[in-house]
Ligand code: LLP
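Have a look below at one chain only, the form predicted on its own, in structure tokens format.
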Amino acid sequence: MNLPPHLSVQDGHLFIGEHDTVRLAEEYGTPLYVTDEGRVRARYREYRDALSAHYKPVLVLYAAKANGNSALLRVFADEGAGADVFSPGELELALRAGMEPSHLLFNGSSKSRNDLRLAIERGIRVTLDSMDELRAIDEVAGTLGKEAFVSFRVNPALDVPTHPKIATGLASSKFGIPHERVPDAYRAALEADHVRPVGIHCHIGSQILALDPFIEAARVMVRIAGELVRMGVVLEFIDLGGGLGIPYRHDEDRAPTPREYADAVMPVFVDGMTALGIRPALWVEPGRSLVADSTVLLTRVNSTKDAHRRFVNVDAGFNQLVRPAMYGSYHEIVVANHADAPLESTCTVAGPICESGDLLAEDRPLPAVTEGDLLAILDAGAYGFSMASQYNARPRAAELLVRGPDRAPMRRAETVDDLVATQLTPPWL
């Protein structure tokens, strides 16, 4: 199996960076998320350098929903990144991590007035998703005696090659304003008393492995930017969103690199801006492609069983990694303590959750697996812990960060006390 550069097999064990995953599991227990900080930094720099080679200024906004751990947000803040935030919680975490308010964009299709108030008070730009949001933010800003700095999210009505649940630029998507109505939205914003339109935003989906959809989205955005400039909008930024995928099937998939993405998309953007005679900042919002392959989920084999399939039962289920159950997603699996052993059987890896759909991998060729073996589920850094739950009253896993020879928890494992920490007992019980 082709492994990313921070993973290796040494003496039969899977290593992440300089660390033996078998020893990490013995020390910290399982399930356990392990993230390589160096890989995260390297992926961010790939984006920054590839885009900046074509155009300046560029700002990479990390899509915080992919993995909102505060330690990772601090890593991105240290690198100079901003964040695409989708909730008051993500907004607060990004600020606490040291990100500049000017480097944040508050997105979302259903923001409350309290959400809008928080963003205005903190000086965060807001992407509006409807005319109702425009009216609401104008009223909230007026009440606060402030001006709200906004963009609108464009729905470009593009079909993209990805799972329907993460294709966000379809005409049928809940996100954004139909592209043909966007000029009217900006006219209304220009007429509002307490709103200033300063940008425009688009995001077409996630886990996209082709470049053509990004090129077409850039063309749509350039065309709309021209209409906005002609009506008097001063664009401080144009946000092309994120969505670049990763090769979850390591030996089969081919994902464009940030360099290939930049070489394909940036000529469209740069030529468009030159023709318009403007130079707004370019913003992009990668998430998965920044953090997914940085992380493995380590899980211990509890038992094996031969039924209509050979089941390998482990201590992590869709409570820890929901993507396979939710999307039918594929994750490579390595038997971490026998990482160089030959493939001997076809197995289905099942979790401990009381649901028939709690399957992490189906009919997968694996080496001989027995009770006590350690499995490493690869590419778990995006939408792994961030979508985890406490279903079946199972505490969520610990998260460990490694950097060179160093390692440290960036989240402790939950306990049963954590499960009940927010619960209250009514006085009659």
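Note that residue numbering begins at 1 and tracks the sequence as displayed. Bear in mind that the values here come from a model prediction, so they are computed numbers and not experimental data.
In what follows, reference is made to the form predicted together with the named molecule, a form of this protein that is not presented.
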Candidate stretches 144-152, 320-328, 185-193, 352-360 - the one whose heavy atoms come within 4.5 Å of the named molecule in the model of the complex: 320-328
Would P286 show up as a contact with the named molecule in the model of the complex if we use heavy atoms at 4.5 Å? yes
P156 versus the named molecule, in the model of the complex: is there a non-hydrogen atom within 4.5 Å? no
Would F237 sit within 4.5 Å of the named molecule in the model of the complex, counting heavy atoms only? no
Might D293 be said to contact the named molecule in the model of the complex, defining contact as any heavy atom within 4.5 Å? no
Heavy atom within 4.5 Å of the named molecule in the model of the complex: which of R125, K111, H201, H338? H201
So the named molecule isn't shown here. In the model of the complex, which residue out of L116, L244, L104, M273 has a non-hydrogen atom within 4.5 Å of it? L244
In the model of the complex: members of 195-233 within 4.5 Å of the named molecule, any heavy atom: H201, H203, G205, S206, Q207
